[in-house]
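Okay, here we've got a single chain as C-alpha cells, the form predicted on its own, with questions on binding and movement later.
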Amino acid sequence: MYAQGLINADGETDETPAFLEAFQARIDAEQKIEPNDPMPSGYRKTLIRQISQHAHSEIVGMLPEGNWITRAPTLRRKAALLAKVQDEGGHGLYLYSAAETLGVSREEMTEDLLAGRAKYSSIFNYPTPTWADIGAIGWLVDGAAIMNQIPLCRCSYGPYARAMIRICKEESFHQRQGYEIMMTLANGSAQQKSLAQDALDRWWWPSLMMFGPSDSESQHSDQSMTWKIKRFTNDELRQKFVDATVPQADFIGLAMPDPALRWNAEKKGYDFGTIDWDEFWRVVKGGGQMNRDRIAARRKAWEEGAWVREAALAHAKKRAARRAAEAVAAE
C-alpha cells in the first residue's frame, strides 16, 4: 500500500562515501536509526514522503467508512465501524508524529497534500455505494495493508517501526471484521451474496494496485530496500496477498474476478491476470471517481479546524508563560 509513497520519491543524497558506508554498516547490522542520529538526506526525504503518505491514507481512509456509520445494518455493526474509524484516526496521529521526528511539521505535510505535492493511497478514490463495500474494504484493503505493514515493524527507522507495531495489531481486527461482514453476506440471501460478489469484483484489482507499480517500474524500491525501509519488493508482497486471499474467497463461496487465476504447483502460488496499469496511473494522478471529493473533504476539515489549532497553540503558550512565571517566583 505505502510503496505508492515512493512514486517520484527523491532518494538522491550527497554525503561523502565514508559517511554513507558507515551509515549502511549500521543498517546492515540491524541497528535502528533514531531521530537525532546522523542520516543521509535521501534517507530522510524518502521516509518523510512514505510516512506522510501513509498518514494521509489513514485519515482519508476514514471518509468512505465514516459515511456508512449511520447506515450500518445493526447496532453491533455501527459500534464496530465506529471503533474502526476511530482506530484509523489514531493511526494517522501516530504516523504524523513519527514523521515530525524527521523535521517536518504536520502543517507542512497537510499543505503538501492539499496542494497536490503529496499523495494518499489510490484505493480511497473508489466509491462505496453498498454496505458490502465496507466488508470488502476491511477484508481486501486492510488485508493488503497488513501485507505491507507487517514488514514495516522491522523498518530501519525506529519511530516508524514502533508506530507500526500497534497499527498492525489493530489492522488485523479490521481485516477480520471485514471478512466477517463478507462471510455473513455470502451466506445470506441471494441478493446479499450478489452484493458481496459485486463488491469483490470491484475491489479486487484496485487492491492489487495498492502494492504499487511492478518491480520493473518501481524506480526507488531498490534504494529503500538497501536502507531497509522496505523489506520486500512490490511484486513479492502482491503475490503473498493473492496467495493468502484466494483461499479465503473460496471458503465463503465467492468467485475471484480473474479468469487467468490458476494455482501454480511449481512456484507454490497463484498465477494471476495482468493489472490495468493505465487505470492505476490515472487514479494516482487524480483521475479517480472520488479524488476531488476526498481532497475537498480534507481541505474543508483543515480550514474549519484552524480555530481549534490556534486556540490550542494560544493555550499552550499561556500555560508555558504561567509555568515560567511560577518558576521565577519560586526562586
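In this text, residue numbers run from 1 along the sequence as written. The structure displayed is predicted, hence computed values, not measured ones.
There is also a form predicted in complex with a small molecule; it is not shown, and the following applies to it.
Here the chain stands alone, but in the predicted bound form its contact with the small molecule, taken as any heavy atom within 4.5 Å, falls in 82 to 90 among 69 to 77, 82 to 90, 187 to 195, 96 to 104. Using a 4.5 Å cutoff between non-hydrogen atoms, Y157 does not count as a contact of the small molecule in the predicted bound form. With a 4.5 Å cutoff on heavy atoms, V242 does not count as touching the small molecule in the predicted bound form; it lies far away.
Under a 4.5 angstroms non-hydrogen atom cutoff, the small molecule in the predicted bound form lacks A199 among its neighbouring residues. The small molecule is not drawn, but in the predicted bound form it has no heavy atom within 4.5 Å of D133.
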